[in-house]
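Below you will find one chain, with nothing else, as structure tokens; this is the form predicted on its own, and questions on how it binds or moves follow later.
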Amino acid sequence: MQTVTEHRRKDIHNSDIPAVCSACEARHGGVCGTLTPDQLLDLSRHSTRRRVEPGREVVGQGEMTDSYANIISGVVKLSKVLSDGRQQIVGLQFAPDFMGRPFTRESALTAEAAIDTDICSFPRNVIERLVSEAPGLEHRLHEQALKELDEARDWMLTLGRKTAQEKVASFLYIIATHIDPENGTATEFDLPLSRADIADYLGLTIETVSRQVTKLRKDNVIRIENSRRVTVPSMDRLMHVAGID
């Protein structure tokens, strides 16, 4: 199996790959990694890379979608709004996730940047055309959809059966294992969500989240600086507290 580093070495010597794609931090693990140089060139002609500030929507629930995007860096909150205005965070996306559902005209969720987030967006019709031309792209999108389904089922277990401490530890484990896809599991990271958002995501109160974070800190499962910077001395211990095999 080829490593990401080996793929990058090939890119350095492959002048057919657009420079912006060769320099992309997320391409090898994302959907674009399945495309040929010609297909990448086609896609790059229509792509737009931009930074989304925290709190800014990428797309709103119920909006017509005319584009999709790859997350290059950062974290995106996915939320659902009920008819009475109540909102629930239902998922998080990280680099190199693909945002959007091909062949779906309307967004079922609101996607909002949790921290400074870089995305590379493409017109919907270009992606849908490439899906029909590149079986590998269709396969990679299918893989991501199944991965998200598995993660949603795991999260249902977390919300339905785990204790408050296990929920908070599980959340921290998710951040540690997804926040830095370039280097793998991160033992130091900044929390991308506020305490209120964490509580929303976990189905807990803000006070309960704060108590559990304090307990994890006192038990030396984590260390915290400036209320947001988290260090995990032992990932195995964090997994044990989270109830993760």
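A residue's number is simply how far along the shown sequence it sits, counting from 1. These numbers were taken from a predicted model, which means no experiment stands behind them. Heads up, when I say rigid core I mean the largest set of C-alphas that superpose within 1.5 Å between the two forms.
As for the form predicted together with the DNA, it is not shown, yet the points below apply to it.
inquiry  = Please identify the residue among 187, 220, 36, 214 with any heavy atom within 4.5 Å of the DNA in the model of the complex.
reply    = After the contact test, the surviving option is 214.
inquiry  = Can you tell me if residue 205 lies within 4.5 angstroms of the DNA in the model of the complex, counting non-hydrogen atoms only?
reply    = Yes, contact at 4.5 Å.
inquiry  = in the model of the complex, does residue 231 come within 4.5 Å of the DNA, counting heavy atoms only?
reply    = Contact check for residue 231: no, nothing within 4.5 Å of the DNA in the model of the complex.
ask   = Is residue 164 close to the DNA in the model of the complex, meaning a heavy atom pair under 4.5 Å apart or at it?
value = Yes, residue 164 lies within 4.5 Å of the DNA in the model of the complex.
query = Is there a heavy atom of residue 67 lying 4.5 Å or less from a heavy atom of the DNA in the model of the complex?
reply = Output for residue 67 is no: heavy atoms all beyond 4.5 Å of the DNA.
message = Tell me which stretch of 156 to 164, 91 to 99, 75 to 83, 140 to 148 has a heavy atom within 4.5 angstroms of the DNA in the model of the complex.
response = Of the options, only 156 to 164 has residues within 4.5 Å of the partner.
query = Superposing on the rigid core, is the CA of residue 139 displaced by 2 Å or more between this form and the one not shown?
reply = It does not, since the residue 139 C-alpha is displaced less than 2 Å between this form and the one not shown after the core fit.
query = Would the C-alpha of residue 161 be classed as shifted by 2 Å or more between this form and the one not shown after rigid-core alignment?
reply = No, shifts by less than 2 Å.
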